[in-house]
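So here's one chain in two forms, each on its own in structure tokens, numbered structure 1 and structure 2.
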Structure 1
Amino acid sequence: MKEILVIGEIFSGQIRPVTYELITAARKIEAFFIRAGEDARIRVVIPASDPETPARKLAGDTGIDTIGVKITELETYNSDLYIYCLKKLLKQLNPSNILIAHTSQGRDFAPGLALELKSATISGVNGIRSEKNELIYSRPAFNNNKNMLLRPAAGPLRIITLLPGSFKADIVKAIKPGTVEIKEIDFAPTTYKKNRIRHLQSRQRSGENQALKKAKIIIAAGRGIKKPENLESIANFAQCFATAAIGASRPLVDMGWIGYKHQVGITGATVAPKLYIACGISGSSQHLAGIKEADFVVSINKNPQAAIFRHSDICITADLLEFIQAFLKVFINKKEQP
């Protein structure tokens, strides 16, 4: 029996939506095993200080059997505790595949868990397919311009971290809820590296920009703008459109060029404008997840192979600053004509 385990992501006692995306990926792996004539099943593991409520919700939503791992000390996320408890549990369950979200939490504990379990690992996966009776995983490479195809090395266990936004969330309502089992993990202070990590404080990021969420037109800047001073060109461009708001990809926010309230994507705002103009944005799955509801997408990118072009209604292959300059020239001339 092939056991596919999904490690559910919990924050403040709530299941994060990415968990449902992991289940979609798990169903693909399950279907592959079944086609190959093997028995397979999916189970979801929910590590939390009080896992019962989220475990019941997930089992009810998906019909998948769920294991709540009760970690009484886990009031806030702690990678040492996660790795210690999951290692103990997974050794009993002996899974063939373990799916973890490629989020800040998943990226933090997955490598340590892989080391402890001596598992082959593929991180940042955005697609799964079967080829010649093998599962092949893809992940973005070269600035999201290409996909790299990977096959795990032979080994008993595979840990796969999945990029949020790459798989549609599993939202098929279950006919019958899955079972819920709650397991408590014993702590042996000799083996658990207690107190190596201490939670000091959690800070809320300043809220999402409601203006961005409501905007009918969004002009968004990506790393292609090269330096923060060039945001002025984006602002000038935005002024050509009445009530346009300015959006940005995450690297610009991470570099401190623009505030978080402008970030569009899976960890920023999900927007639904009539027109979205992406300037120098490559089209990562995390950015695209935030613009799925946009009516019309125009992209300006100097790379004709940019992934965003596959999701755009109009593709403009150009240097964005040159394009904006040319656009403004025509726009201003036209406005000044009597």
Structure 2
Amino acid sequence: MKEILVIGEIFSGQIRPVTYELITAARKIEAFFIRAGEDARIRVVIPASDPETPARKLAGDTGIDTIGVKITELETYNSDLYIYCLKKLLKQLNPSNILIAHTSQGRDFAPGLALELKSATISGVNGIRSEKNELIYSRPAFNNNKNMLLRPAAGPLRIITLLPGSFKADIVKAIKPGTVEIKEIDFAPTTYKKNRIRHLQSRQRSGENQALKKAKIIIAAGRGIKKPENLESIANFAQCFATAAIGASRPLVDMGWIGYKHQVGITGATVAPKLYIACGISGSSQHLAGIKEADFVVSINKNPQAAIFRHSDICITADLLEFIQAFLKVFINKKEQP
């Protein structure tokens, strides 16, 4: 039996949406094994101080058997606790594949878990396919302009971290809920270094812009604007669209050109506008995950190989500032006509 385990991501007692994306990816792997004539099944592992409620919800939503790992000391996420408890559980279950979200949390504990389990690992996966009776994984490379195809080294276990937004969550209410099993992990003080990592406090980042999440039209700026003074051109461009909000890629926020409340992507706002216009944005996987729910995407970039073009409905290969100036000229002329 090929056991495929999904490590569910929990925050404040709630299942994070990326967990359902991991299940979609797990079903691709399950289908591959079944086509190869092997028995396979998916199970989801929910580590939490009180995992029963989220475990039952997920089992009810998906029909997949779920294991709640009760970690009484896990009031907040702690990588040491995760690695210690999951290592003990996974050695009992002996899975062939473990899927983890490539989020700040997953990126934190996955490498340590892989080291403890001596597992082959591929991180940041955005695609899964089969080729010549093997599973092939893809991940972004060359500044997100290309995809690198990889196959894990031969071995009994593979740990894969998957980029949020790469697999569409297929949430269809199951006819029959999956089973729920609660396991409590006993700690061994001689091997677990208690309090090596301690949670001090959680703070919500200031400046979160709910208006950006609710906007129907977003004009977003990237490094293609060249300098912060050119944000004025983006603002003028946005005024051509009724009630448009201004977004930005993470590099502009990191450089201090624009406030965090405008950031779109995994570490910013996940948006779902009717129209998203990407201005000089190359299209990192983190940014693309933030716009996956957009109805229609227009991209303006002078690089015809820009990764965002592969995710756009209309691609405009042009110098951004020249395009905006030409657009504004036509727009103003039309307004002035009687």
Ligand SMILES: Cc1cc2nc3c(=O)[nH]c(=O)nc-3n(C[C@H](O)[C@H](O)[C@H](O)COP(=O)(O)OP(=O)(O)OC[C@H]3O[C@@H](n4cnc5c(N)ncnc54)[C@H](O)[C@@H]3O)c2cc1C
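Between two forms, the rigid core is defined as the largest C-alpha subset superposing within 1.5 Å. Just so we're on the same page, residue numbers count up from 1 along structure 1's sequence. Since the model is a prediction, treat every value here as computed from it, not as a measurement.
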property: Panel number for the form predicted in complex with this ligand; result: 1
property: Core-superposed C-alpha of residue 96 shifting 2 Å or more between structures 1 and 2; result: no
property: Residue 293 C-alpha moves between structures 1 and 2 by 2 Å or more, core aligned; result: yes
property: Core-aligned C-alpha movement of residue 217 between structures 1 and 2 reaching 2 Å; result: yes
property: Rigid core fit between structures 1 and 2: Cα deviation of residue 242 in angstrom; result: 5.3
property: Cα displacement of residue 254 between structures 1 and 2, core-superposed (Å); result: 3.5
